[in-house]
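In the block that follows, a single chain appears as structure tokens, in the form predicted alone.
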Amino acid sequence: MIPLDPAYLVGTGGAVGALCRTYVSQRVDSETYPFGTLAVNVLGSFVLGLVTFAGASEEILLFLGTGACGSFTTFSSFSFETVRLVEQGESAAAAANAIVNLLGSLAAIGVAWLVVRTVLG
């Protein structure tokens, strides 16, 4: 097997993750609350947890972890959307957005750990 340059793995994974993020965001986002960003952050955290806790190879971690999950999840959009909610006078929604993104992503990592532990022992 010919080893692939890590940059190709990360770049290809990044392209896949960005396309998936666009697709998910378009399906679940709303005008009043950034559900799309929440969905990709929680789902991406779960997938990153799965591949990491499952002991995936370095190549898989570069493709899925660094590339796909790195471009699928978005801290910058989360931060921007939270500040935008504050600017619109929606401070409670902004606080909820921050809390739900953080706790949801942490919970997703925890669920991934439980899944891997249950399946792989």
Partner chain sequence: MSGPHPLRTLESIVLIGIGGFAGSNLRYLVARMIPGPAGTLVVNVVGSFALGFVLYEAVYAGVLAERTRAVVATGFLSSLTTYSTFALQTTLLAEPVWMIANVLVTYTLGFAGVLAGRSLARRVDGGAGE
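Numbering follows the first chain given and starts at 1. The structure presented is a predicted model; accordingly, all values stated were derived computationally and were not measured.
Omitted from view is the form predicted in complex with its partner chain, to which the following refers.
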Using heavy atoms and a 4.5 Å limit, would one call residue 83 a contact residue for its partner chain in the model of the complex? yes
Please determine whether residue 35 contacts its partner chain in the model of the complex, using a 4.5 Å cut-off between heavy atoms. no
Please run the contact check for residue 59 against its partner chain in the model of the complex: heavy atoms, 4.5 angstroms, yes or no? no
Taking the shortest heavy atom distance, is residue 109 within 4.5 Å of its partner chain in the model of the complex? yes
Residue by residue through 10 to 24, tell me which have a non-hydrogen atom within 4.5 angstroms of its partner chain in the model of the complex. 10, 11, 12, 14, 15, 18, 19, 21, 22
